[in-house]
Every structure is written in structure tokens, then in C-alpha cells.
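In C-alpha cells, one chain follows: the form predicted alone.
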């Protein structure tokens, strides 16, 4: 069997797409290998959200050329492929395939053509494509990424996603439930529903709360997560479903991007600071103990000292359990790149603000984590810890990363642990019971 090696960069949606590609290629007679050396096909599934992600991929392509045989097919897939298109083919002479997120169905044929010297570009959008007949080859081990929505209609001024993944479209509820049942039959008990603004899901007959109820009721599912939602789409019925379905986990990743209403307006986020705070309050009122994490951008064009202070004060007021912080990265073709040049924030100011924000959010998270020592959590053991063989990494329902002794459980096991120590971001846990029971209604 010909072998295929695949590397994935970027978000969870890219991970899910990689699993779909591997499934399609397995059905076409390809064997997945975890080593690029001598592989018949090498694919790099890419991200285009920030420039450094693209530069990292370009560097990696150069490295991978050293692993190629004379007839190895090298392809670039995903958002970077969609964004750069022909330019990528022109610049990278050893690349034979440039394939966007809606063209994975044609991968086997494109690879066959490349083996005969054809170079292919496949970046047309297909607003009907959900890959329903694909059998994903899952490699996460204990959880399943399930795309329920593709594309985005929000068009925030800094974001490239609408231009690389097209307009928003939702899968049918019945298809998502069918895939969830398939996941259970494979022995997995946790699913993560994916979408660019996942809680705006609507298949024409129901809203996201209906989807949560349907997926959460599948026999054998113990945990339901979703990412990434938009604050505007947390309607009362959606929050009600989160509160009432016992398998839905007590964690929401709620991107804020800024704490300033004027900045949010320039970003075209379509909510105010007050609206975001109200959303958090409604989630916490309905779901006691819910963990709130977020995304924040610093250095967006025109960001003033006062607007940055608004972001710091939002972090303090909300008390995020964690935050992913980013420096603004201009993306060609997005409205933010057309803002007046005089609005560009100097690099030294961006770096200073980024450092200060990081200190604030890490300090808040550390304080909240220290306060939880001694509490008990159900955790799912996910993988070996990065360092040494004595620990395994587990995850609580409220998304705490917990290190447990390797001898206490196998990967895929559920445990109840007491949180006995923390580095500020990761806990150590002492098992107090094995095989935690199914969650009960809240």
C-alpha cells in the first residue's frame, strides 16, 4: 500500500479535516505513516489566521523536502492553501498539490495525477460540502472532533476565515447524531462539536440548544464540548440546554478579543463590552461553577492606551480561568488592512501591552486555580505527559488540565481526583475513586 504522512497546523477544525482526509485516503488504499521519511505522499494541513503560522509552514516545507523520495507527492491543504492558491504553487516548485478545505473529496484523484507529473490547484468553494460519506480516521484517542458547521458569516475585520472557508452552513442534526453514535461504537465517550461560530448552528429546523440536547442524549456519550462560540449566539434556549443536559461540560471558551466597546466596533464583533459581560453573567447564573476561557488581541489598529486599559479591566472583572493572547497579525484581504496607516500601533507598544496582558491573565488564572486546591474533579485520562513516564495528562469537565500518576489509570479511563497542587495553569491530582459514575442532571 502507498503511504501518506500528514502534519496538521492550526485549530481543532483542521484536526477534524485531517482525520477526514486520512479516512478518505485509507478508503482509497493508502496507509497512514507517522514518519515522513520515504513516504509516498506528504500532506501539510495549514492555518492562515496569523502570519507566523504561515511562515512556520513555509519553513517546514523546506525541511520536509529532505525526507522526500524522487517520486514523493508533496501537497499543501487547508486555509493557507486556500488563501495563497496559485502563488503557493509558483513559489514552491516541489509542491504538487494545493487543496482548499472544500476539495478534499478529490484528493485521491489529485494525488494520482501528481504521480504522473500533474500539478493541481483545487480551491473552489462548495457550500454543500460536509463530507457526510467520509469515515474519519480518528487519531486523538479519547475524544472525537465533530464539525457541525463550516464557514463563517460574521466577517470580523481582522479575520481571514470567511475568505478561506467560505460562508456559514450547518450540517443536519440527524447527520451529527449519526456520527456521534458511530463515535460511541468506536469506544470514544467525549465529543467536541466544532464550528467557527458553533452556537449559531441552525439546520433550518432547530437551534444549537436542540443539537446539544440530541447529541447529549446519545447512549454512551459522557461528555459534550463545543468550540468556538460567539457571544451574540448564546440565546436563553441555548444556555438552558447547557444547564439541563448533564453530559454538556461546564466550560465555555468565549472569545472577547477586546474589552473596549469602541475597539469591538472597529473589529466588527457586533457586541459591546456590556453585552459580553452580560453573556458571562447569564452563563454563570445558569451553570454554577462554569469555567470561562477567552481569546484576546492586542495591538489592533488604533488601539489607544484607554482601550487597552479597558481590556485589562475586562479580564479582571470577568476573572477568566485562562486566556489565549495574541498580537494583531494583518491578513491580506481583510478590512483591517485597509485602515489608515497612521492607526498602526508601534511594535514596541504592542510588545509591551502583550507582556502586561499576559501577566494580568496569568495572575488571575493562578489565583483562581490556587483557590480550588482540595476540590475534587472527575477527569478523563487523555495522554502521556510530555516529560517522563510517571504521569499522564487528564482533563476535568471544567477543562482543568490535571496530571495523575501513570499507574493510577489507563488512557481513556475516568477517575475522580483531589486537586493537590498547581503550577498556576496545570494541577496535580491524587485519585480518590476510579471509574467515576455517569454525571447526574444539574
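Just so we're clear, the structure is a prediction, and the values are computed from it rather than from any experiment. Residue numbers count along the first chain shown, from 1.
Below, we turn to the form predicted in complex with S-adenosyl-L-homocysteine (SAH), even though it does not appear here.
Contact label in the predicted bound form: residue 291 to S-adenosyl-L-homocysteine (SAH), heavy atom within 4.5 Å: No, residue 291 sits far enough from S-adenosyl-L-homocysteine (SAH) in the predicted bound form that none of its heavy atoms falls within 4.5 Å.
Any non-hydrogen atom of residue 143 within 4.5 angstroms of S-adenosyl-L-homocysteine (SAH) in the predicted bound form: Outside the cut-off, so no.
Proximity of residue 49 to S-adenosyl-L-homocysteine (SAH) in the predicted bound form, heavy atoms at 4.5 Å: Heavy-atom contact with S-adenosyl-L-homocysteine (SAH) at 4.5 Å: present for residue 49.
Residue contact check: residue 295 to S-adenosyl-L-homocysteine (SAH) in the predicted bound form, 4.5 Å heavy atom: Contact with S-adenosyl-L-homocysteine (SAH), yes.
Heavy atom within 4.5 Å of S-adenosyl-L-homocysteine (SAH) in the predicted bound form - residue from 225, 130, 269, 273: Of 225, 130, 269, 273, the residue with a heavy atom within 4.5 Å of S-adenosyl-L-homocysteine (SAH) in the predicted bound form is 269.
Answer option from 72, 200, 180, 257, heavy atom within 4.5 Å of S-adenosyl-L-homocysteine (SAH) in the predicted bound form: Answer to the contact question: 257.
Option from 130-138, 242-250, 155-163, 302-310 whose residues, in the predicted bound form, bring a heavy atom within 4.5 Å of S-adenosyl-L-homocysteine (SAH): Among the listed stretches, the partner-contacting one is 155-163.
18, 24 and 125 all contacting S-adenosyl-L-homocysteine (SAH) in the predicted bound form, non-hydrogen atom within 4.5 Å: Looking in the predicted bound form, the three residues 18, 24 and 125 all stay beyond 4.5 Å of S-adenosyl-L-homocysteine (SAH) (heavy atoms).
Within 315-343, the residues that have a heavy atom no more than 4.5 Å from S-adenosyl-L-homocysteine (SAH) in the predicted bound form: Going through 315-343 in order - heavy atoms within 4.5 Å of S-adenosyl-L-homocysteine (SAH) in the predicted bound form - the hits are 326, 327, 328, 329, 331.
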